[in-house]
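Just one chain follows, in the form predicted alone, and it is written as structure tokens.
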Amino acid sequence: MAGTPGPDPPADGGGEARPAWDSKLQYLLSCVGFAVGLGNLWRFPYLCQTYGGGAFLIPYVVALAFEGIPLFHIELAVGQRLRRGSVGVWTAISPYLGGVGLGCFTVSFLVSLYYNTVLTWVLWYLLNSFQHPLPWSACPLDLNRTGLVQECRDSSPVSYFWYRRTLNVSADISDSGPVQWRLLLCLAVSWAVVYLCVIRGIETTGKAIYFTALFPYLVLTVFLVRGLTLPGAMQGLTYLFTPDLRVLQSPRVWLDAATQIFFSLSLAFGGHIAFASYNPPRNNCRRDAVSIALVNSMTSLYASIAVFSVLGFKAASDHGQCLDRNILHLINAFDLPEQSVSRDTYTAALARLNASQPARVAGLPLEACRLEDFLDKSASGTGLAFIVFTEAVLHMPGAPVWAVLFFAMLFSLGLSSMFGNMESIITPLLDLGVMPRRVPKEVLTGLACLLCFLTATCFTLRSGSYWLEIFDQYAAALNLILLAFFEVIGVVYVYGMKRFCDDIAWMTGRRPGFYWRATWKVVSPLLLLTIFVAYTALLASSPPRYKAWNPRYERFPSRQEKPYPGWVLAACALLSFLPTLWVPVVALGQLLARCREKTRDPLQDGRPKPRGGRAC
């Protein structure tokens, strides 16, 4: 960063002009596309529903104000001022902080592996949505073609299509099995699409982002309008947002709100630093940070309304089918006329029969049909996208059309996030000059995508979904929290608060106020440390386990909970801290290099200096 505000710092060591965005809208859409991802659609609604509906918004807003926006502002400011990728930025601030940039680079690489695998699954479902009826709407025939497949009968058509037809998942993580060629082909197509979009950096992603960032909003709006016209939509939204302030007494609520903000904004990946480095030096990065963060949070809220309007319809449909089964039992057991009991009169009819013949009623296999119980059957992550929501789509008229729209939206959402992930990988490689300048950028980008594709083939094995859960849980969480902590410390206490504020004043024309200085200097670092300690304690409180899909499990279709083998636990521990290890390794390497440099030069200030003195 420049020592004094005013002149631009050197852009790159290579002497080439740095690319620039075609327009401010292109930059904003790229940042929004990177921040708004699959988690906004399938993680935020789940947290709202789990933690007291509207009450969850209280810790969420607190975390946004004191953690999300301040950290986001730092990343945009340092990227814009230094005009480098993550590695170059932190090396320029201090060579001892070069490991922070390498840590961000490593996290982005690991996340890209499994994130694009999720897009592989989405692509598989999208391709299977162009048929009627949908392939997950009914169980297939067995090999003898005399009945239905037993595994499907014991679970459901939706679950069978996901676990068997898509993943062909093994019953144990140690049983890797062969590569699933259909998934490998979809994985290759997904990486080919990513490569074509990022082939020339922001020159190509800047064009694609107009579609990938805006199309999901169009589809969400279509789902919202359609969902609000469906029966049960209001019950779903009421259940989602009914506040339960008692949950605020639980520390877990505040922890989940803080981590949701952190990952939702894609902090500490390095992508926003890279995007901001292509901005004009005097762009108002403060306004960008606030506006993008608010758009991201409002998108999460908007997606929650659209998703739960449809899930409310699904719950109402399942509740109605449950009542129909009970009504049929009553009519058959008591020889009642057809249509004599309706859904509206079921409760009164059951009470009347139970009062007159309680023994006979007690002997019937009646189900407890409560709408709240069906609304409780929500899920997050892949469970929401590939099981709950796909089943909800089956209840909608014109199901294939809605399935195509839904999975096209998911693919577009994930693709725009992949642009930021790949920028976090490729920009540092270009800035570091890992390949000669004469090698075209297209070749470097192609090699990076090819390496990611070959590494991600492990997720196409039969145990691949279990490993994806491990990467999702351990590769990013703790590393990003620690890297963000080092980012704040590096800017505020290594570079210096005054110098940083001078640079922001030069870029935006206004010095940061008390809110920014207080959050950067005290609140955000303490909050990050608290989150790290709490998250670590949460992971250590119980041994890591996973849920396996095992048709031979006595409680099937419930998934069998198993402990991880020892070698898998070692992999989990390695993933948890591998990217962060760059920080002490690089700092120690710099210190040893300085010591070696000084001991090799015994003459300093014109006087001899003994080796091994106070040079270190």
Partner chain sequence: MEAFLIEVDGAAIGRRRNTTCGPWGRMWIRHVPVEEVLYLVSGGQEYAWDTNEEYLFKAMVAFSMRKVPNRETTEISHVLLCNVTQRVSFWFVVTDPSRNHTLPAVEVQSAIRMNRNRINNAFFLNDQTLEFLRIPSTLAPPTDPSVPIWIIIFGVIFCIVLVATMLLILSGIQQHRRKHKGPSEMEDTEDKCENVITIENGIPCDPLDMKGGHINDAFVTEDERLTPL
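No experiment lies behind these values; they were computed from the predicted model shown. Numbering follows the first chain given and starts at 1.
This next part talks about the form predicted together with the partner chain, which is not shown.
A.B. asks: Thinking of the partner chain in the model of the complex, which stretch from 139-147, 81-89, 276-284, 388-396 has heavy atoms inside 4.5 Å of it?
C.D. replies: Heavy-atom contact with the partner occurs in 139-147.
A.B. asks: Do Thr204 and the partner chain come within 4.5 Å of each other in the model of the complex, heavy atoms counted?
C.D. replies: Yes, contact at 4.5 Å.
A.B. asks: For Arg200, is any heavy atom within 4.5 Å of the partner chain in the model of the complex, or not?
C.D. replies: Flag for Arg200 set to yes.
A.B. asks: Would Cys186 show up as a contact with the partner chain in the model of the complex if we use heavy atoms at 4.5 Å?
C.D. replies: It does: once the partner chain is placed as it appears in the model of the complex, Cys186 has a heavy atom within 4.5 Å of it.
A.B. asks: Does the partner chain get within 4.5 angstroms of any non-hydrogen atom of Tyr195 in the model of the complex?
C.D. replies: Because a heavy atom of Tyr195 falls inside 4.5 Å of the partner chain in the model of the complex, the answer is yes.
A.B. asks: Given the partner chain in the model of the complex, answer whether the residues Phe215, Leu218 and Lys498 all have a heavy atom inside 4.5 Å of it.
C.D. replies: Looking in the model of the complex, the three residues Phe215, Leu218 and Lys498 all stay beyond 4.5 Å of the partner chain (heavy atoms).
A.B. asks: From the list Ala505, Ala348, Leu127, Val494, which entry has a heavy atom within 4.5 Å of the partner chain in the model of the complex?
C.D. replies: Checked against the cut-off, the match is Leu127.
A.B. asks: Check each of Ser250, Ser176, Ser342, Asn332 and return the one that places a heavy atom within 4.5 angstroms of the partner chain in the model of the complex.
C.D. replies: By the 4.5 Å criterion, the partner-contacting residue is Asn332.
A.B. asks: Going by heavy atoms, what in 416-446 lies within 4.5 angstroms of the partner chain in the model of the complex?
C.D. replies: Arg438, Pro440, Glu442 sit within 4.5 Å of the partner.
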